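Consider the single chain below, provided in structure tokens and representing the form predicted alone.
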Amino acid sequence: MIQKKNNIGIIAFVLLAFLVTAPLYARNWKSPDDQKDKKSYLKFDATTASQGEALYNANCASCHGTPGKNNSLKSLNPIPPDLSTKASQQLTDGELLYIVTNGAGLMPSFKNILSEEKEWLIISYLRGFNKEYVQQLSKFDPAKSKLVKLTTTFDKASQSIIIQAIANEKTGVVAIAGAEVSLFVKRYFGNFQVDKSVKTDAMGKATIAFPTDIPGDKTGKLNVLVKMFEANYGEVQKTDSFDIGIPTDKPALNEKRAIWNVVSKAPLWVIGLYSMGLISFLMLLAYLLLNLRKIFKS
């Protein structure tokens, strides 16, 4: 009996320690050393800041609030920081980019939602709240991404997607080694990442195992998105279609009668209720106008 009480006490202590220290770990979250010195290839100016503000309001303001207003979401633990403060502004551009891309603590990853260019636009907006900030541009040439060619093939034997990345340089075709490659399946409400991101080998190839249980359309077709990032060539995307999903004969969300559909396919009870409400309103309006006419006559 004493042993049982001791075990309960130890479990309670561990849980309490976790609840107390978890927020601290979230606050002390850091990006890898090799990401700290990463710089933007976009020059931050009034245009990029304006575009970044729109992206910030759409993706970040609900938790972090308006920079400088100290109105972040207080119900979260830890409370999301005001990104105009010194603590946030002392982070390097690379650290901010890594946090936005991969998330931190309760903050979700935006890797599947925002491109790297859009993430830099958000950072451009945030840097506008730091009068001491001086941008150091990356030496990367965005035009180099146009040299990249991505090819994707499905290997049935290994149930894998094989991606090859090459660049058509002036000196000839170059295999892009060490590039980060991510694979996604395009869905109605975003992109579903398949497995983890991998690096290309010396031949510019990367292999990602593909699940056998992802539903496709009637023929099993899936739209597969490949994202590649490499320091010299930037971010490149490519979409292909493969008949590698489970054939699923389900009507599209806009085919059946539903509340979110167009008027012609809205539920009959919604159309009836709306029509009754409209007729009642018009009858009430006619009654009021009739009585007003009587008042004016009298």
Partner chain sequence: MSDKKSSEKIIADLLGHIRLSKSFMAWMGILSVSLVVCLYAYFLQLRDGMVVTGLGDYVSWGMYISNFVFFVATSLIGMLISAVLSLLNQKWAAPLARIAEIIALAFAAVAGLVIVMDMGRPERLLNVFIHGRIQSPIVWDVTVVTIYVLISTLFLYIPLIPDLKICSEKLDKLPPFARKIYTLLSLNWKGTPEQHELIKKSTRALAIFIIPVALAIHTVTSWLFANTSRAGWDSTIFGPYFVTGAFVSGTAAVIIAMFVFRKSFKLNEYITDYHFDKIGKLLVLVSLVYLYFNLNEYMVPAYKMKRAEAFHIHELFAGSHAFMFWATQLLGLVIPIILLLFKPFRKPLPILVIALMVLIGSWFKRYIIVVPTMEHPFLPIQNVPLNFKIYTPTLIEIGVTIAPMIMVLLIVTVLSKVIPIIPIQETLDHASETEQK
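On a predicted model such as this, the values are computed, not experimentally measured, just so you know. Numbering follows the first chain given and starts at 1. C-alpha atoms forming the largest set that superposes within 1.5 Å between two forms make up the rigid core.
The same protein also exists as the form predicted in complex with its partner chain; that form is not shown, yet it is the one meant from here on.
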request  = Only one of Lys265, Lys69, Lys250, Lys43 comes within 4.5 Å of its partner chain in the predicted bound form by heavy atoms, so just point that one out.
outcome  = Lys265
request  = Give a yes/no on whether Ala258 approaches its partner chain to within 4.5 Å in the predicted bound form, heavy atoms considered.
outcome  = yes
query = Does at least one non-hydrogen atom of Val270 fall within 4.5 angstroms of its partner chain in the predicted bound form?
reply = yes
query = Using a 4.5 Å cut-off on heavy atoms, what residues in 261-298 are near its partner chain in the predicted bound form?
reply = Asn261, Val262, Val263, Lys265, Ala266, Pro267, Val270, Ile271, Tyr274, Leu278, Ser280, Phe281, Leu284, Leu285, Tyr287, Leu288, Asn291, Leu292, Lys294, Ile295, Phe296, Ser298
query = Does superposing the core leave Gly272 with a CA shift of 2 Å or more between the shown form and the other one?
reply = yes
query = By the 2 angstroms cut-off, has the C-alpha of Ala46 moved between the shown form and the other one once the rigid core is superposed?
reply = no
ask   = Does superposing the core leave Asn59 with a CA shift of 2 Å or more between the shown form and the other one?
value = no
